[in-house]
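Take a look at this one chain, the form predicted on its own, written out in structure tokens.
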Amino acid sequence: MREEATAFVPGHVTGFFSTHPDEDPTKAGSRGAGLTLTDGVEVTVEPAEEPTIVLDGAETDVEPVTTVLETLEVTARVEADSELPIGAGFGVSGAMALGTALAANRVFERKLSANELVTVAHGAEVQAGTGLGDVVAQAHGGVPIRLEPGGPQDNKLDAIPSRARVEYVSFGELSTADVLSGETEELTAAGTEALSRLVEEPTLLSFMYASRLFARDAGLLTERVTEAITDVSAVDGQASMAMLGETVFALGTGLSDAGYDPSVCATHPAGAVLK
């Protein structure tokens, strides 16, 4: 047993998705596409007498993390530091679940493979209702396209072979659990159409266009998000809404050119890693 281990997990912004439930949470998930980000979450795990989860210095409850610890049959203190806003569409809960799985596997010498750990974290996230595709994307890195839902034993991933500067501004939170527990037929139809469009032309520009259409057709746009996307379009930039949060992300300098003061990062070239 080691004293501690630390993992870095990139943030993930989903541009569009469709939901695909299953009784087995490791088989359930989403199809869609998104950007993994160099801004992410650092997760440190160390043995403890009582399980404790700390996020940005404050003790908290994160159901997927608790489930990961229970699945691996370990008792630990999990400390996460996020460069990203919480509950704003950046996959922070998925990052915490995946980072916990990777670091706990090393600390407690569970000897599980990468795919097994991703499956544990993905299933925990789906079971909690906090995400459907972030974990598998964060494990992959780059600009992943989720062609089939589920964990690594079931899904099928491709990617857009590009890197980009990414800007983002967040106006507030949206509840992923509330959206996913409601009627999702219209959302899934819009996501299926968006994926078909991207598969025909797997480029960043096509991804941004498909994402904007999805946000509109799925009825998820808020007034502030619509205004920001319109402002970026007015300066010939490319922007869309992060799923699921009241957040706008743009390629290049779109938000800066439109007069916003965004956070700046880039697409992450690799997936989650142990440090």
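Throughout, we count residues from 1 along the sequence that is shown. The structure displayed is predicted, hence computed values, not measured ones.
Below: the form predicted together with another copy of the chain, not depicted.
- Interface membership of Asn105, defined by any non-hydrogen atom within 4.5 Å of another copy of the chain in the predicted complex, is confirmed.
- Within 4.5 Å of some heavy atom of another copy of the chain in the predicted complex lies at least one heavy atom of Ala114.
- Interface residue remark: Glu201 is counted as part of the site for another copy of the chain in the predicted complex, having a heavy atom within 4.5 Å.
- In the predicted complex, no heavy atom of Ser175 sits within 4.5 Å of another copy of the chain.
- This chain lacks the partner; the member of Ala88, Ala128, Val74, Ala159 within 4.5 angstroms of another copy of the chain in the predicted complex by a non-hydrogen atom is Ala159.
- Between 187-195, 167-175, 74-82, 97-105, the stretch whose residues reach within 4.5 angstroms of another copy of the chain in the predicted complex through a non-hydrogen atom is 97-105.
- For the partner-free chain shown, Pro269, Ala270, Val273, Leu274, Lys275 of 255-275 come within 4.5 angstroms of another copy of the chain in the predicted complex, judged by any non-hydrogen atom.
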